[in-house]
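Take a look at this single chain, the form predicted on its own, given in structure tokens.
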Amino acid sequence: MELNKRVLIGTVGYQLLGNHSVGPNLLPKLQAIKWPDDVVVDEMNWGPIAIIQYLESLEVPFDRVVFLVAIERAHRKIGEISLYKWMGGLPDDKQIQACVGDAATGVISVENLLVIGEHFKVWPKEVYLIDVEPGMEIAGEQFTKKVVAQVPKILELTRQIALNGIDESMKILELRGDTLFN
């Protein structure tokens, strides 16, 4: 691990939605890994405003944040993993208010969390998303076979990015707040 790096691994997603629940369902496996003391693994479903307040209250902020999520994207196959780097930027004021409104009503969304965190300037320079294609939303506790087959890779990728950051062998896509909702 890079010296003097505090890392947050956060899972974001609803429970009981099959593949859409990759983050929450893999949280116990991530917590079972022996991490250095400077790595915190936590669920990030407790509301963007509360999460922002938590991050603002830290005496020593995180240097890297890694989110594990499952977001439907039309161009991917079920179980496909995409890596994103949060580049910052904000949508217009109306969209920021929509994110805050969603957050206030309990909507769990990494997009809302990213935008609200960006608005309050809590993100470190290194914020990454490990995003697993879930396919159509289907209720249930189990993953499809395609996602089950990816679990070791998801866990290893999370460990690698948390401890070492990204490297030139990884295909990293950019995610920006000012284009997130377009």
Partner chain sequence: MCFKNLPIDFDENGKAFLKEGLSNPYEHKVVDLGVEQDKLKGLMERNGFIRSVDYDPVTRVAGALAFHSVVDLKEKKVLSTNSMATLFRGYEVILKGRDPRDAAYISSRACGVCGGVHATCSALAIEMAIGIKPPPLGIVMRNILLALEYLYDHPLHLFLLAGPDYSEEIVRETNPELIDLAANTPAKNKAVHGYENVLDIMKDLNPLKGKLYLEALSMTRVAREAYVFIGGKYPHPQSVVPGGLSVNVTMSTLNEVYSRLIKFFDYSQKVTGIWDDVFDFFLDSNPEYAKCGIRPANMIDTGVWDRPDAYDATFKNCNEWGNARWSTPGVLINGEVVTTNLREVNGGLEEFVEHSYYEKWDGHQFKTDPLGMPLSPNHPWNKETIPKPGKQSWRDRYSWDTCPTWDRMPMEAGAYSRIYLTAKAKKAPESKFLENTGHSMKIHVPKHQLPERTLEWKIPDHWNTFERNRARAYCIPYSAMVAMDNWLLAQKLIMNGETKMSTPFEIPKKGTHIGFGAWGAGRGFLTHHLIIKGGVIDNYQIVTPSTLNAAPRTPWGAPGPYEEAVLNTPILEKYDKPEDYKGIDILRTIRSFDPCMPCTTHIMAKESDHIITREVTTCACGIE
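Residue numbers count along the first chain shown, from 1. For clarity, every value in this text was computed on a predicted model and none was experimentally measured.
Missing here is the form predicted together with the partner chain; even so, the following discussion is about that form.
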{"property": "Non-hydrogen atom contact A32 with the partner chain in the model of the complex at 4.5 angstroms", "result": "no"}
{"property": "Heavy atom of K146 within 4.5 Å of the partner chain in the model of the complex", "result": "no"}
{"property": "L83 within 4.5 Å of the partner chain in the model of the complex, heavy atoms", "result": "no"}
{"property": "In the model of the complex, I78 touching the partner chain (heavy atom, 4.5 Å)", "result": "no"}
{"property": "One stretch from 59-67, 146-154, 23-31, 132-140 that, in the model of the complex, holds residues within 4.5 Å of the partner chain by heavy atom", "result": "132-140"}
{"property": "Heavy atom of each of R73, G89 and E126 within 4.5 Å of the partner chain in the model of the complex", "result": "no"}
{"property": "Stretch 80-117: residues contacting the partner chain in the model of the complex, 4.5 Å heavy atom cut-off", "result": "D93, K94, I96, Q97, V100, G101, A104, T105, G106"}
